[in-house]
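Read the single chain below, which is given as structure tokens and is the form predicted alone.
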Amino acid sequence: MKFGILVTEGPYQHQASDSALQFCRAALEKGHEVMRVFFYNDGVNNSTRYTTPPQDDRNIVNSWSELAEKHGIDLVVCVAAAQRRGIVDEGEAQRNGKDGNNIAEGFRISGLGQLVEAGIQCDRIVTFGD
């Protein structure tokens, strides 16, 4: 089965990101495909490379990056939600006159069309968050 994942909550204020990450790992272990994870609303906060949790805490942003690299998963961050929350890649930083980017490795910024495409191409879209 091919899954698309929608994450709408940030990495530390809600269980949604942890649950989505564990779901992806379990699905991949069972031989399923995770085509794309789309981060929307506060879920875009999963993509900032400046997240620095204490040493005894899990680093959810790094975990997403590692999962994407290992399994070739497309991690897409909603451009409008990211801009509202100050998350930019190199292209968005240049377009908006910012002096740097803060997106983590393996993530990319794009529009809602990527979520629609996942809905068309995947067997299931599973949502984590409200």
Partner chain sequence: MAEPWEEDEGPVKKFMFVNRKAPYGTIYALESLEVVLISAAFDQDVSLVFVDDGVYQLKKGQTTDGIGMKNFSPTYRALEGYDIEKLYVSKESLEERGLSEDDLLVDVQVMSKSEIADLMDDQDVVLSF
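Positions refer to the first chain, counted from 1. None of these values were measured; they are calculated from a predicted model.
Keep in mind the form predicted together with its partner chain is missing from the figure; the text below concerns it.
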Report yes if any heavy atom of residue 14 sits within 4.5 Å of a heavy atom of its partner chain in the model of the complex; otherwise report no. yes
Can any non-hydrogen atom of residue 109 be found within 4.5 angstroms of its partner chain in the model of the complex? no
Residue 58 versus its partner chain, in the model of the complex: is there a non-hydrogen atom within 4.5 Å? yes
Indicate whether its partner chain has at least one heavy atom within 4.5 Å of a heavy atom of residue 70 in the model of the complex. no
Which of the residues spanning 6-39 lie within 4.5 Å of its partner chain in the model of the complex, based on heavy atoms? 6, 8, 9, 12, 13, 14, 15, 18, 22
